[in-house]
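We've got the same protein chain twice here, in two forms, each standing alone as structure tokens: structure 1 and structure 2.
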Structure 1
């Protein structure tokens, strides 16, 4: 499935695409947003997080021109929203931003293609063929004439995405876009957002899901209408709700469980490459024989792969996971450690071949680079594991590979 990708200008610009400065929004005595300030660069994907009532949806509504600020500045694509008349605000909403909400907001008596064309109507242009193409690109080519009631939740959300993108906005505002979806449809919708991000669209997405937030470039947390946390200051791998945030004792970014699962998935992708097979995301699995993982309950591989993209270990293309240069080096080291451990257990400890793989899965995570080289040297720099699979050579080998 492809999406309506509009290639936008080069990402880096001298001026941020969104500038929020000392923003205040009040509802009576309540300050929904209280002196909020931050910038968003062009083509950046920002996850907005925080407890209910922290101001996330209010911020999205102001950025989208659905609500007005009381004081401060909000500049989007060079347009100062505080200075717009009502007619100018209507035009801004039609031309500059695309909305995707948790509730799909489809007109129940209009077909899928007519719901997409409705966005064109507000732009004073209607083009049925363009609307049909937008639906094809989100995988709904066979559902164009269906009414919302005849579509699944995931299909309705894809109609909403096609509608949001039909006028080619530079900024996409999404408020809990997967909140009403099951896991399978959530992944389909997130894949569309990943492709839009890679194509250069700026995305601000409200979410309560930490796994979705990890797929974004940046995470901003609000609390009581104020900026509570920003990974632009602390790094994208910083754990959610860290109790030591903004202190010198800030905790570590990745759990041991995550590291084990990362290695497990990297190893699978590497082996797919060795065998000349595509590493289809749907065929990868996040658990194996690496021992118990007590800190995090079992998760779908797709969610863990999302975190791995944040760390630039993998990329995705057409439903396949591909190793980045960083990921490839790490995968190579994991495979080397695993196969050396297999050779050690088989040749030195005479462990039965049926047990060799299981024991090596546990051992591969605790072998240091120094121990890796000592084992390799002790074994005489073997070329293959007991199953005949190649062992990537290490620095210790120096061309002295032995069978």
Structure 2
């Protein structure tokens, strides 16, 4: 009987297992993946990192045949995904790749073993013994007949892994597979991934955790849909190849300051737009209230704006800075976080008016998109900051803006 974790043949092939060449994926005007190119060798474990919105999930979905690319080439295990019909895509998904998501996506009214058998069904075989063996492999021999609700989060994720492996895919695509797990379960799940790696599976795993990334062979960081950093290309001596210490924000030690500077300038350009004034390059400044943050030198705004142009955040016309669609979205988000933070500090914490802005300047760089929405919901989706400036609505505000 075949088992899900088996030693696969060849570890290195002449042709890479995954070829990504000039991949572009657009959502309307937004380029979620923007001319992305890299290869992955067979049996390689790649940690895919990068800030929220940088295109990690989009990439995983395209590699898994869940979404279509606009241009470029993606070849997985010799199959060119740009040319597949719907039917071929369904077969590709069932046979070539295994998915593990952050949300476990188990069918609530099916037992653990039935959930695994469901995956076999899509592969046109159902073999209960094989499904049971898969569950035993992930340490769930005693939980076969439990419903998802009767399993812990870690156990549910292990069922999801067993399901992903049942058809013995060479390639495993995992999107923050430990994102919802406590430490103990995270370790159990990572151990399974280590075994899979050892057995020769190719793994692409999205993670925010440098400790997890360190276990992979290679770390790739995306930024704005582009390749920002790749240990295979840049090497361990590169300044971006940080020692991956134990802090989550250490992955981009050099750029953290830069990100704050970018946000600071984006905010100014956004506010010029709100006030109907041109964002004259000469009137934009690199320091200011945000200068109380641990920023490096007093680098002139023009130099920073140059780097922002390279990243497609801003364009220039007649000495005026203009936000690109990507820059505009980011500017809107940072302005929103700033003004929401001001509301929070004033309304909830009754912080002195004179301090509110300074505190918000720090806080706007700390708030994650999830926290942003929670704060906004908690505050009842406020329309304006304490100074009367508009708070750009977020996804959570749909139809719920407080008048």
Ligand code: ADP
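Residue numbers count along the first chain shown, from 1. If you superpose the two forms and keep the largest set of C-alpha atoms that fall within 1.5 Å, you have the rigid core. The model shown is predicted, which means the values in this text are computed figures rather than measured ones.
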Between structures 1 and 2, the form predicted alone corresponds to structure 1
Residue 20 C-alpha relocation of at least 2 Å between the two structures, rigid core basis:
no
Quiz prompt | Core fit, then residue 270 C-alpha moves 2 Å or more between the two structures | solution = yes
| query | Core-aligned, is the CA shift for residue 219 between the two structures 2 angstroms or more? | reply | no
Superposed on the core, the Cα displacement of residue 305 between the two structures in Å comes to 41.0
